[in-house]
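There is one chain below, alone, in structure tokens, taken in the form predicted alone.
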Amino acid sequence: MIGTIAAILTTLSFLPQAYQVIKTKDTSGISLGMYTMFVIGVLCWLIHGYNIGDMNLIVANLITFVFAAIILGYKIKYK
């Protein structure tokens, strides 16, 4: 139960940032290096979840990957 709550909260925590970036296109306060490493790390967790067949790990990291990749894409496009 704690793991599920943690996965939901940490995954959805990217939603407000993604919304703000899409709305304003302002990425000045976001580190390109940090977001690049983060997106790659989340992708690795997603692959790991797939390899071990853990659906909770897959879903949480897939959603996080999408939100973080959107933010990274905007950072690269509007830097």
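Don't overthink the numbering: it's just position in the shown sequence, from 1. Since the model is a prediction, treat every value here as computed from it, not as a measurement.
Another form exists, predicted in complex with a further copy of the same chain; not displayed. Remarks below refer to it.
**Q** Can you work out whether V21 and a further copy of the same chain are in contact in the predicted bound form, taking contact to mean some heavy atom pair no more than 4.5 Å apart?
**A** Output for V21 is no: heavy atoms all beyond 4.5 Å of a further copy of the same chain.
**Q** Is there any non-hydrogen atom of I71 lying within 4.5 Å of a further copy of the same chain in the predicted bound form?
**A** Contact with a further copy of the same chain, no.
**Q** Considering only heavy atoms, tell me if D54 and a further copy of the same chain come within 4.5 Å of each other in the predicted bound form.
**A** Because a heavy atom of D54 falls inside 4.5 Å of a further copy of the same chain in the predicted bound form, the answer is yes.
**Q** Flag V66 as yes or no: does it have a non-hydrogen atom within 4.5 angstroms of any non-hydrogen atom of a further copy of the same chain in the predicted bound form?
**A** V66 lies outside the contact set for a further copy of the same chain.
**Q** Mind listing which residues of 20-44 have a heavy atom within 4.5 Å of a further copy of the same chain in the predicted bound form?
**A** If the 4.5 Å heavy-atom criterion is applied to a further copy of the same chain in the predicted bound form, 20-44 yields M34, M37, F38, I40, G41, V42, C44.
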